[in-house]
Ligand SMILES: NC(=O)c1ccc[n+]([C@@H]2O[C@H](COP(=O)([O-])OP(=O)(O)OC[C@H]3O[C@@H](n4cnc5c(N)ncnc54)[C@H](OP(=O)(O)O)[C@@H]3O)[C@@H](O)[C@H]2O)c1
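Given as structure tokens, the chain that follows is alone and in the form predicted alone.
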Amino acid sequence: MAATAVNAAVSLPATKSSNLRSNATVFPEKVSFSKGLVCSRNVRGGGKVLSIRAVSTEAEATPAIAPKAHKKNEEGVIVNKFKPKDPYVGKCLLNSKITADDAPGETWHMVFSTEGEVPYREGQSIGIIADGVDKNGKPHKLRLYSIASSALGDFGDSKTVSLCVKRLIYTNEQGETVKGVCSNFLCDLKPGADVKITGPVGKEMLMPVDPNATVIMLATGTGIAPFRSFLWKMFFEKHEDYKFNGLAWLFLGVPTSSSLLYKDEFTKMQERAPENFKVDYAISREQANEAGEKMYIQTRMAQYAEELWELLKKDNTFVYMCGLKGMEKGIDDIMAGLAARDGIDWVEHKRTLKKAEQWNVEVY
């Protein structure tokens, strides 16, 4: 079953996109009236003095407020269609371990049926509610997971959603083995089992609209999920309204070679579009830089620091970061040093990039 699952999960869809773009919304002009000048005068008539007050008003047309031009594909994005009290119940179609047996920890790729009822975009997340109840007898709280498939899904029919989940097992301070409720529920799912799904949620990690953009993706471990969704749309699918002609550059950090996720897929993408896709791995327990330092994702990025900084100066370069929170500081340190050379305060510059939707972070 595992081998069948892997082959199916990486089959390349040929279906064309069914996503529809709605027309831009045009807001009608608003007309406001200013408080005018009040004039009065006394008029004698019929033996009486009448007071006449005239109010002069002047209509001022306020220019139409143009809708914000988002750089990300936010048009028609649906959020929170399914809530925890009324989740969508899908079926597990496939569930395969995608790390080697000697890897430090297990990561699984799973595909759930949605029958098109959970419409999502690349970069969004869904919630999963594990079966059973907690220690207080209440249903388990949902856990959010980044979606690992494009909007068309792994089968290309827009009727599935995929996740990339690491099984959480650790030893607490009392020496007891603790298993993460939701991750173990998901990793243990068998094909045919029901899955309670909420969402979709999130707009922070949506793909750029510009098909000529430079998209730099920084991931550790299962943080690869949203970038797999990006890359499938860019390189494994054909869309009538989207053809990627820019540069996609992926940095993926893992502890060992046996922990690399979706490597075969990324190799195929490079073969298909060598000018448009670059991938660099940072394998911390096996690689080191020239100074003998372990190769974390920020260490690998430092080898391309000048090139990355030049790319960041372009207004169509987008950086996406997903994974362990610890990666963020190391990357900030690299950028702060580069910015300082140009007399730029990195903290302020990063704030500007975020406002322009060019610096996007989802860490945990």
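Start at 1 with the first residue shown and count on from there. Small disclaimer: the values here were computed from a predicted structure and weren't measured.
The discussion below concerns the form predicted in complex with this ligand, not included here.
Figure legend: unbound chain with this ligand modelled from its position in the model of the complex by local C-alpha superposition. Site open, with zero ligand atoms within 2.4 Å of backbone or C-beta atoms.
Only one of 239 to 247, 87 to 95, 70 to 78, 213 to 221 places residue heavy atoms within 4.5 angstroms of this ligand in the model of the complex, namely 213 to 221. Out of the listed residues 196, 166, 233, 159, 166 is the one that sits within 4.5 Å of this ligand in the model of the complex by at least one heavy atom.
Contact with this ligand in the model of the complex, judged by any heavy atom within 4.5 Å, is made by just one of 263, 272, 278, 285: 285. In the model of the complex, no heavy atom of residue 200 sits within 4.5 Å of this ligand. Contact check for residue 207: no non-hydrogen atom falls within 4.5 Å of this ligand in the model of the complex.
Using a 4.5 Å cutoff between non-hydrogen atoms, residue 309 does not count as a contact of this ligand in the model of the complex.
In the model of the complex, this ligand lies within 4.5 Å of some heavy atom of residue 362.
Looking at 286 to 304, the residues that come within 4.5 Å of this ligand in the model of the complex, counting any heavy atom, are 294, 296, 297, 298.
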